[in-house]
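First comes one chain, alone, set out as structure tokens in the form predicted alone.
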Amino acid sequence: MHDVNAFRNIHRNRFQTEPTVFAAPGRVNIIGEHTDYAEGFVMPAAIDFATLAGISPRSDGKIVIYSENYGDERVIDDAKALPAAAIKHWSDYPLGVIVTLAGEGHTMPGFSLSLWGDVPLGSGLSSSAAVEVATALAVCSILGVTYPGPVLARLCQKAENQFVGANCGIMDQFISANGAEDHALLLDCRDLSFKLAPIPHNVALVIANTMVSHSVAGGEYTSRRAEVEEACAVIARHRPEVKFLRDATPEDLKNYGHEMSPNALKRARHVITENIRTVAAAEALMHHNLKELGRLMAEAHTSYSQDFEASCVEADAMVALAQDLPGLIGARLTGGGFGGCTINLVEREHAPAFAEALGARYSSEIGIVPQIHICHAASGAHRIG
């Protein structure tokens, strides 16, 4: 977990000035995958892994961005002449936020920005959104402006969509900006309204990293999204009020599925049923019906693996190997897919033994030693005072 004092020293030693420090968490999605860009429902929780951003003003008109994780920096010689395009470099994520804020009419001053995070990269825990939201808070502090959490999330999503070139939905940035301690968040991705669902104190979030990396900027994510949009277009020919699969029903698939490609039909079936499951899962959590929540998580993983085809051998194994371990409430692959982590809701008293047993089983069967973390739901992005 992050050491704020050590991070302050990193910035101080590099730039010879005291930083203002902000933190933005990563997230784990309890249920609701690939529903966000269909204007559907998701239910993530912020976690106690985060990106720290330290910022201080400069007098030379430059923007200098330093990443302690990469041991690398990027220098923009003139804060008023920002680059127009990404260069496929780690700095594209913070720089995209800076460019997006400038596009809102803000004149960028010179500043030094340090970044350090412990959100595992490529694991599906949204390290990129944590970088974006932490950067946004830090830069807004230099600009002297404040945006509400939902608006800040939209700006960070825009940066990733338009500057970085990753066609992500709103969920990752939204939960990083708006998460609440000891709660999951049911988000309506259409209007950004949300409800907080308390996670019982006796439930731990056990995150198991398969150690198989993925990138949401890759072709698999893009092709799945295109297939979702293809299916929606078919339904919309018959029901013009259907703008996104959020508006579609299982009955629509029965009536019009034969007009879709086989892949588009499967993707649509996942998204439509996942929306139904996600709302039901939030209700189950709000009513402390953990058995029903676990059932819905299991059904969601099957759909993600078989209909959306966004799982992999390693992730399917991690979920299967957890099923008979004491204390398990529910398990599924979380995040953008094609690797990454599983989320396991586990009775807290069993969590250490569960993590140890699951790691041993996975290592024995797959031949990879996983990283397994016992987490709790954390607060959203904030200044560290």
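Residue positions are given as counts along the sequence shown, with the first one as 1. Not measured: the values here are computed from a predicted model.
Below, we refer to the form predicted in complex with ligand GLA, which is not included among the displayed structures.
- Only one of Gly117, Pro94, Gly169, Gly179 lies close to ligand GLA in the predicted bound form, with a heavy atom inside 4.5 Å, and it is Gly169.
- Scanning Tyr147, Tyr221, Phe244, Tyr256 against ligand GLA in the predicted bound form with a 4.5 Å heavy atom cut-off leaves one residue, Tyr221.
- Although the partner is absent here, Gly32 is a contact residue: one of its heavy atoms lies within 4.5 angstroms of ligand GLA in the predicted bound form.
- Within this chain, Gly330 is remote from the site of ligand GLA in the predicted bound form, having no heavy atom within 4.5 Å.
- Among residues of the shown chain, Phe49 is not one whose heavy atoms approach ligand GLA to within 4.5 Å in the predicted bound form.
- For Gly336, a non-hydrogen atom is located within 4.5 Å of ligand GLA in the predicted bound form, even though that partner is not displayed.
- Partner proximity in the predicted bound form, defined as non-hydrogen atoms within 4.5 angstroms of ligand GLA, places exactly one of 35 to 43, 312 to 320, 350 to 358, 63 to 71 at the interface: 35 to 43.
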